[in-house]
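Below you'll find only one chain, the form predicted alone, shown as structure tokens.
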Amino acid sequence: MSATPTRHDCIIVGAGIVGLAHALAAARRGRRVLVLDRDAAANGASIRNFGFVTVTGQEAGTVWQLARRSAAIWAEVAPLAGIPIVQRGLLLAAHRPEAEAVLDAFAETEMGRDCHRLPADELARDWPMLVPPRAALWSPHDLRVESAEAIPRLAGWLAAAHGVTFQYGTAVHAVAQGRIETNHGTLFADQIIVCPGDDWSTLFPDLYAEAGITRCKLQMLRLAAPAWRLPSPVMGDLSMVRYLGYAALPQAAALRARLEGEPAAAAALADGIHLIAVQSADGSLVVGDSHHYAPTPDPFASDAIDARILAAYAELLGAPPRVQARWTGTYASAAGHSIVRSPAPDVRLVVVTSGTGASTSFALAEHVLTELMGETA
């Protein structure tokens, strides 16, 4: 007689941050969870980023609330999983009067609660590495982990503390209610959550097409450790016309017009560059990034784009240190924060389409599991 196939409570396809967030939400509900991934380890968008759990500047409303909740979950699970939080907070530095107006307007919103402008003497004392800005707003809400370390440690903790099973090197060919076809055979589960990121050719390509999902390619750099340490991650004027929490404010229109009238800033905007600088435990800096969109972006990094990123860095922090590493990444991109679809009963397709997986996935997963399991929100 053939053995009865193992049936899992919940199978999750994808071991990036979106998949791991859903594994945590399911395990906390007492589900027996299996996570599948086609690669030997996570190597996509989940590790090719800043590791910056960004709350401040997220789009007002639902996305901001998701980011607030996700940051709280990160702060809870990081020490349990042995994940260092290497930086906390965010400094937003304004070098143009129009950017200063955006800071002041943001501080008056609900999202600006607990944020405050730093006085000149405090800036000079604690942020001597900055090219002196006109104004700076500090937020306590954000935190940063080292993505390439955090993702495998999170997976290891889910296995050790919550009994989550991981099966790497497993390609999923088809998903239907209660059933998954893989290169290792058929698997069965009461609930299935598919988190494939920007891979739209394998599973549910019609839903990707319907949502208008394409790919965003980014470029990032790691710079050698300078002789100082950033008290927190830092952003500049370019970020205020990209992050919707700032960019949607009426005052941002004047800042955008000012930037578009400056040749260097206009070139940066054309490449989707908004400067973020964060610092790792070893002192090195991660800076970026750029944004270009295509169904299949080319795999090549542009020296001209790197030069524009470094020019934006120089405006904020002076002469950049030596470049130690360069890389590109891609993620699924479409209008809106994410898509959650039900292609079959008890099956959910979940794709974050805004580049905010690290910042919002934990809370998004809670919403998905609440709905999938018929719980009261």
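A residue's number is simply how far along the shown sequence it sits, counting from 1. Small disclaimer: the values here were computed from a predicted structure and weren't measured.
If you look for the form predicted together with a small molecule, you will not find it shown, but the lines that follow are about it.
For the chain shown alone, V368 is not a contact residue for the small molecule in the model of the complex, no non-hydrogen atom being within 4.5 angstroms. Among heavy atoms of G197, some come within 4.5 Å of the small molecule in the model of the complex.
Residue contact check for A23: none of its heavy atoms lie within 4.5 Å of the small molecule in the model of the complex. The shortest heavy atom separation between N49 and the small molecule in the model of the complex is within 4.5 Å.
Contact check for A94, D104 and P320: none of the three has a heavy atom within 4.5 Å of the small molecule in the model of the complex. Shown without its partner, this chain lists L218, A252, I273, A155 as candidates; in the model of the complex, only L218 has a non-hydrogen atom within 4.5 angstroms of the small molecule. Contact with the small molecule in the model of the complex, defined as a heavy atom within 4.5 Å, holds for exactly one of A45, L349, L34, L66, namely A45. Of the candidate stretches 96-104, 128-136, 165-173, 79-87, only 165-173 has residues with heavy atoms within 4.5 Å of the small molecule in the model of the complex.
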